[in-house]
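Two forms, one protein chain; structure tokens for each follow separately as structure 1 and structure 2.
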Structure 1
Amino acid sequence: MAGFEKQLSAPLSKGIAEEVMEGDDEAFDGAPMGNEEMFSNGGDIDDPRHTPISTLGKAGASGGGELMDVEAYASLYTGRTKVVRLLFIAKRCGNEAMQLEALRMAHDEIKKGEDTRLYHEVTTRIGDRLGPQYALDQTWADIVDRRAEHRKEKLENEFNSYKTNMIKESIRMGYNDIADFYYAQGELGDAFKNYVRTRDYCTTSKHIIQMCLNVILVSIELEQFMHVSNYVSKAEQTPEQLDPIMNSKLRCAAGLAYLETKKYKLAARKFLETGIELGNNYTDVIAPQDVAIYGGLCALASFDRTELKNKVIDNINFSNFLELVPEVRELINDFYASHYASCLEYLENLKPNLLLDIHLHDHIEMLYTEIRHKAIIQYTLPFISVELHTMAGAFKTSVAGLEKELEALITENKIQARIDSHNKILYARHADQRNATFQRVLQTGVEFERDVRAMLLRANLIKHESIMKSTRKL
């Protein structure tokens, strides 16, 4: 958490798969944001909302702007996900200095473990750019491989003795030990299979939940999000009540699964339900800052104004996560307050770093498009007519570009309006309230007549005793 004080909402990540098995009614007047720089690295900012908490800069995939504080970002995570996220940054960013920093940290982290395959991959990518200290150390790799072979042989012998004794708990622990070994070696497919095999030997709810969390962890790295969803459900169906930390982990895993399948509303709900108890207890998968970013962006893209107010802004639990990422908190508040220029500027400043996020990078364009379209729709709602020049200023775009966006929204029936292309004015097509009221009255009359006829029919049937009575056999 302390690392995050030095960098922006960490770009989130997504595991690598190897061989795997199965608006408010008040419209914003369009005033520009002025000098509200988000990533000024210690520069003075007039607006107190824009306190600089980040040295992440804007060195996204294009490599422009200042460098991300890779070290502070990496400190948010542990285990394999830390390495995978660093490698993803090195692959996606366009700045060589950032690439080398990420590769250097990934190299150091890998040498603490036993995954020699990943070690060879990193040293190949580094080449001779970091000096002899980061060149391939074949002696170290050979020693680790020999030690791994001896450990594997020992685990297999122990497991065979467990099977001979037919003690369920010993067999379960044996499968777990073998799975842990394969996971450390980077053999994720074999780790997955052995974690799954422990299911038949689980004797308590605690064992089942731990098995599910192990399978979920590996499945996320293998990008098998169908398995993630299945095992989240299995864990939630255990008879024993889940503790808050375990429940929060499952909410995060389910949120990632929904995010990956582009079910943004469901993903938002899961992240919003995550308890603050999560803390740093799931950093081998996700950081608390990630919960705020994923939940906030998915909610903006999929929730209506009422849901945004009730489930996000007024959500005391989720506000604890948003405090870790003030940029996301402010852009949500700006969106709800119809300060669209400010909201969109926040989004643009965040975008380069979110493109380095292993879980989010594939969804950024779609989420941003949905958020922008919702902002445009809310902007037009209160007005009978809107000048496109004024609206273009509010959204920081050209009139021609705005006109194309409006055409698309009108075609999709998301905006009830028509465009005067000559005078550059958008005219709303408000419903004829008089006609709508008249139609509702007619419909009410039809329903009333139907109900009266039904009551008269029933009364006549009772009067003439034309009623079928059920008979029971005694």
Structure 2
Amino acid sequence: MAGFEKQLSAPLSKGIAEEVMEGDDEAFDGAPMGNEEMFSNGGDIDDPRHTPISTLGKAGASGGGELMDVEAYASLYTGRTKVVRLLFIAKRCGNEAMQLEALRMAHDEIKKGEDTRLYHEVTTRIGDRLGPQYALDQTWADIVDRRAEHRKEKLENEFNSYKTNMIKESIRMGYNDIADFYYAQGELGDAFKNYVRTRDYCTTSKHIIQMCLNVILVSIELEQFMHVSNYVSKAEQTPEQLDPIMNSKLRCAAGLAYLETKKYKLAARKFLETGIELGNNYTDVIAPQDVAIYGGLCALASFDRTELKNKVIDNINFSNFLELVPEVRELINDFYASHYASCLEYLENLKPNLLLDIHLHDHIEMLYTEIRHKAIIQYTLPFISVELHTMAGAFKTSVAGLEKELEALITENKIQARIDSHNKILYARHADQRNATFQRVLQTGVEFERDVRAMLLRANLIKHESIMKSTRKL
């Protein structure tokens, strides 16, 4: 730990960042595996609007924070999602060492399971870079396949006997077992089908909830978020009172569904309602740190100030989550306190790691642009005139670039202002209501007259058409 901190304090010059790093939780530290690399922050921060697509191949190299600790990250999750996430990281990060680390861990995880298809995929991707221990072990694969065949036959036989007996409970359990089997094999489509089939045989609310959770799990991996929302609402409709853990799980699932369908405000609300009882109970889908990150970012991008204060900053429940990811807590506080430069800096630091997250990566751009625009709008709100130089300094960007951004925002009518390009000042401009009203009234009058005249004419034409019907030839 000590060596870790020492390494940190040398390259970083910002005091705030140091405090944050020291308060780091277990998610982002860990005994250096030899694959962790520290990139110095450097003195100058890159232009925050530098398109991140180009930095995709060099995650962490663009003046951002430290590289992700793959092992610590992976330890947050269990089950299939762990493997999927590791494979995604391996695919997306540009760093060979990190890639190999991720692939190695994925390999170990897969070997504990029964999915031979994934196994083949991982071994092909590793190639022979990690030595003979990680090369394709065909014998293991064959053993597993044969075992799977046997189990499948057994399950099918059992199931047929249940069917002839016509006992609801055993049929339900039969379907469930088959679905679990398919899930372990990686046959997600079949697993989904079988889970859905158990629906007709559910007798108690507990069964229904179990079925819903299973379906949700498979749908998330299949990325069919319509089903996720449907089954969340089904589960919430059961007459029995859900226990808090179950509630939290469903909220998370709903939040994920909204996030993926780009409904950020609703997603934020769902994540913020998740209780801290979630703990580590849903690690086969989501970790509590993710709840904090997703919820915090979506809230920043879509809530206005009052909502942000009431639902996020003053939310005791959610602050438990925010403890796990202090950067997000800091950046929300900075935004609310109008320290835009440091807020945007935190965002940039988080970005490379967030790009490696399977659910968030394609929403990062949109969320970040939203947050940046909100920051700019909020900055200009209290002033009658703002000097563009000071504003550019506050946002760490150039005057020309800032002018372009402001122009776009003014055209979309999000800021009521005008730019004095000669003196580089932004003047607030409030529309003259009286003149605008007169203009609108006259315009409405003109349009009304025009439309009514045309309509009367057309009515007349139709009347003549109907009088002299089809014999007319124009």
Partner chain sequence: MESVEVLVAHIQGLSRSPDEVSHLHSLLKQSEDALRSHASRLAPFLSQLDPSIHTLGYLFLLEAYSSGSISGEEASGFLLTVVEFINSCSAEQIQLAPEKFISVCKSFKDQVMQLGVPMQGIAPLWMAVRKLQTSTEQLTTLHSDYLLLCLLAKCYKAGLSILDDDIFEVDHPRDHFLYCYYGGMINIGLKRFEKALACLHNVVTAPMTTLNAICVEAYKKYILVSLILNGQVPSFPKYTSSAAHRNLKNYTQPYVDLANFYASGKFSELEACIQTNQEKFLSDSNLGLVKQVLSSLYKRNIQRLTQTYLTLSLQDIANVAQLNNPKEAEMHVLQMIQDGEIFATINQKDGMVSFHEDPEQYKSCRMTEHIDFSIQRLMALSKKLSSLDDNLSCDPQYLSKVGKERQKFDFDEFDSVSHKFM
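In this text, the rigid core denotes the largest set of C-alpha atoms whose superposition between the two forms falls within 1.5 Å. Given the structure is predicted, the values throughout are model-derived calculations rather than measurements. For residue numbers, the reference is structure 1: its sequence is counted from 1.
In this comparison, the chain shown as structure 1 is the form predicted on its own. Here D420 does not count as shifted, since its C-alpha moves by less than 2 Å between the two structures after the core is aligned. Core-superposed comparison between the two structures: the Cα of T411 travels less than 2 Å. Once the core is aligned between the two structures, the alpha carbon position of L456 differs by 37.0 Å; this is the C-alpha shift at that site.
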